[in-house]
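Presented as structure tokens, the chain that follows is alone, the form predicted alone.
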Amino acid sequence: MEFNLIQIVPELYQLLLIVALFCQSLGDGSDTPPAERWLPFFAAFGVFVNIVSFNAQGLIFGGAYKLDALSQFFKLAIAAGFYVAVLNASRQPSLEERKRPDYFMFLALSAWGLMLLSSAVELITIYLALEISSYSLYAVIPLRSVNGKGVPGAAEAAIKYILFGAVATGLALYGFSYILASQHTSYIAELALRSWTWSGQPMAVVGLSLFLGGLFFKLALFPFHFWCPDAYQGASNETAGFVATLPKLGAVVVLVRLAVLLKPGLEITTLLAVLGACSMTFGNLCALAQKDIKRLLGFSSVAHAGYIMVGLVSGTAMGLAAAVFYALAYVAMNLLCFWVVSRVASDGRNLQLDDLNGLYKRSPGLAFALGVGAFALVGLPPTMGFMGKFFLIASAWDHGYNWLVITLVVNSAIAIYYYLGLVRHAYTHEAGEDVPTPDNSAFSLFGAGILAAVVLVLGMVPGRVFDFAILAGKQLLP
């Protein structure tokens, strides 16, 4: 297809933001407005740019880059998530002023890599986009300071994230070599026509399993999850909010595209189902013992990665649509929770469960938003979390993995304890003396209210979004 720059306007606009932030980071900031002042407006305009480009279609760059309903859906979600992350970080108390342009540049670069990942349909292109989105996060996790001094836990979190990321990258490249040697192509459309049975192509099955390991690392799926709680705990609250949400979208969109290779009953499909069951069970059991809220949300993300596997292994267009919808719901729910955490910890500290005590008196608006986020993560109506799990269960039942659906239901019951524990501390416990005051500004409450409204409204009327997800799934898997 003939290339037209109009087709990649969202990517070009995001790249322009990166260049602007890079130029600002080169100066001393005396002759330019602070990045946190102007970037939110341009990030919001980026959402509008993605909406305008929503119907772009085409296969460009030698067939390695595809513009379709799935890619445009995820690019819009990434742009919206980037906007919220920028707003959340604009009042970050634990980031030095001179490092702010660099910090926002790396966030923008990671979001750009995720946009590229949304359209990548060739394995090397997927790998390069994945690394672009990852390397930026290696740099921002240690950017946390108190009174001008670095936080040792932030450096430790960054080192763990880098080391585990290097291992996952090595596995992915090693797996790619196996796929290329056995199937003689790296394009997903051609790979979908090949055999993926153990008896027919054992080398290809091993290669795909290793390549998926790199995606499982971003998704924090068991057993590639070890970095997750430590990275969340060590990074600043605002950085953890970004790391916990947007990279998951990138991993899910590639897994959805690769799901066309999987059929129920295949050895690799069964492996994904087993890893999904292990991930949701391990994540929820570990979360039960956590007192640090970010560690709790870290193990929670391990469990939610397992939930997404339920849709991917179903082998149906509805299953892929359910995975897409749940990924969007996961991002919205976690952005809401991290927004509240960042506003309650107005001094940048890590919150413990006891720090939520009496929140309903200190900040009723933030307490309500936290309750909405917690109910959504449990999967209670009328939230996005409930509808997301409903779609996953409906899509996977009677497709060979009923035991995985039952595991999801049981784990959702386990998760009730620690998610509603957040609400219990906020509403039934009284705060102690000398508790820091949350950020009760109009900015804080308005942001929490909008995110809570998104989680509730898309839970009550999910039809339009899910119908579009179904359309994207049918384009991949009729």
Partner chain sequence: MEFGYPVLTTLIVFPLLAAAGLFLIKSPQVARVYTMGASILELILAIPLFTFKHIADWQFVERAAWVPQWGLEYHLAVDGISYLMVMLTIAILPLCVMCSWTYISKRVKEFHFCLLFMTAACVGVFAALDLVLFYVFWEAMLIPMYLLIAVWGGDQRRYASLKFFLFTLAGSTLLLAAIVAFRITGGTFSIPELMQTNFSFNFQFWAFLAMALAFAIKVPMFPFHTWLPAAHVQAPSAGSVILAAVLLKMGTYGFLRFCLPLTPAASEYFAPLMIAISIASILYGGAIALGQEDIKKLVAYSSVGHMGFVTLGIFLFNQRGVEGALFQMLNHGIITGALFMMIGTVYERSHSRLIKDNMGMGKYLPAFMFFWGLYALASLGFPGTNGFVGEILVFVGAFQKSPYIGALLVPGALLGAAYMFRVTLKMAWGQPSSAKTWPDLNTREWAYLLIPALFVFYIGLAPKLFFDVIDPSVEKLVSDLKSRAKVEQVVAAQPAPVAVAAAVVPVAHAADSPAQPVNN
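This structure is a prediction, so every number in the text was calculated from the model and none was measured. Positions refer to the first chain, counted from 1.
Just so you know, the form predicted together with the partner chain exists too; it's not on screen, but the next bit is about it.
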Residue-level contact is defined here as any heavy atom of the residue lying within 4.5 Å of the partner chain in the predicted complex; does A413 satisfy this criterion? yes
Distance check, T316 to the partner chain in the predicted complex, heavy atom within 4.5 Å: yes
Quick one: does F466 come within 4.5 Å of the partner chain in the predicted complex, counting heavy atoms only? yes
Answer for F42 alone: is it within 4.5 Å of the partner chain in the predicted complex, judged on heavy atom distances? no
Check for me whether the partner chain, as it appears in the predicted complex, comes within 4.5 angstroms of all of S395, N402 and I470 - heavy atoms only. yes
Could you tell me which one of M387, L370, V344, V84 places a heavy atom within 4.5 Å of the partner chain in the predicted complex? M387
Pick from L266, L353, L173, I406: which has a non-hydrogen atom within 4.5 Å of the partner chain in the predicted complex? I406
Heavy atom contact within 4.5 Å of the partner chain in the predicted complex, the stretch among 377 to 385, 89 to 97, 179 to 187, 295 to 303: 377 to 385
